[in-house]
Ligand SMILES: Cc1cc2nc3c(=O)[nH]c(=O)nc-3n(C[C@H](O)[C@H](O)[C@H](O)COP(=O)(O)O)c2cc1C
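There is one chain below, alone, in structure tokens, taken in the form predicted on its own.
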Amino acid sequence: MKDFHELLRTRRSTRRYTDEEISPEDVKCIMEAALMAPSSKRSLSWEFVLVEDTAMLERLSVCKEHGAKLIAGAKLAVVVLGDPTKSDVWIEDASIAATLIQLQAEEAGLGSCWVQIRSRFDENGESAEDNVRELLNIPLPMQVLAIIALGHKGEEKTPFDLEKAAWEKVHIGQW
């Protein structure tokens, strides 16, 4: 395993993937990371739909107007859901799980990209969430937060430049 700080520095959003399949062992490890994610009062308000079918990945890639096309090139999409009846902080809980998915993918040498779905719309003004819900038969009250696209990296990104860290955003004691 990489040093965690180095893992954070090297994890960058990957929008191009190779044709290489993701191993079942890597998928299992990534999902174990998601299932270990903390949740408010251990409500486990998050759930996940894994999509590997290329035709469905293509259909998901047009669920919103901007920023989803990359899903078509991924080998796996993890649709991150939350149940607002289980927790009033389902968005935060699901966001933590989604982040752990991305970090575990990076540790496995895979690329990932967060595709925001909640509060986004397609080219006709229709809800991206409703589009995903219909494609994957997601029942209410489940809410769709995001789709994490995953695959072997088809592009190399430079690590985060710590010289560009926005230290002016850090306030000590008070604003």
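Note that residue numbering follows the sequence shown and begins at 1. Values in this document were obtained by computation on a predicted structure and should not be read as measured data.
Although it is not shown, the form predicted in complex with the named molecule is what the next lines describe.
Though the named molecule is not shown, can you say which of Ala34, Ala128, Leu110, Cys113 has a heavy atom within 4.5 Å of it in the predicted bound form?
Spelling it out, the residue with a heavy atom inside the cut-off is Cys113.
Find out whether any non-hydrogen atom of Leu70 is located within 4.5 angstroms of the named molecule in the predicted bound form, and reply yes or no.
Yes, Leu70 sits close enough to the named molecule in the predicted bound form that at least one of its heavy atoms falls within 4.5 Å.
Does any part of Arg11 reach within 4.5 Å of the named molecule in the predicted bound form? Heavy atoms only, please.
Yes, contact at 4.5 Å.
Indicate whether the named molecule has at least one heavy atom within 4.5 Å of a heavy atom of Arg15 in the predicted bound form.
Yes.
According to a 4.5 angstroms non-hydrogen atom cut-off, is Arg133 in contact with the named molecule in the predicted bound form?
So Arg133 does not count as contacting the named molecule.
Please identify, from 52 to 60, 37 to 45, 24 to 32, 114 to 122, the stretch that has a heavy atom within 4.5 Å of the named molecule in the predicted bound form.
Result of the contact check: 114 to 122.
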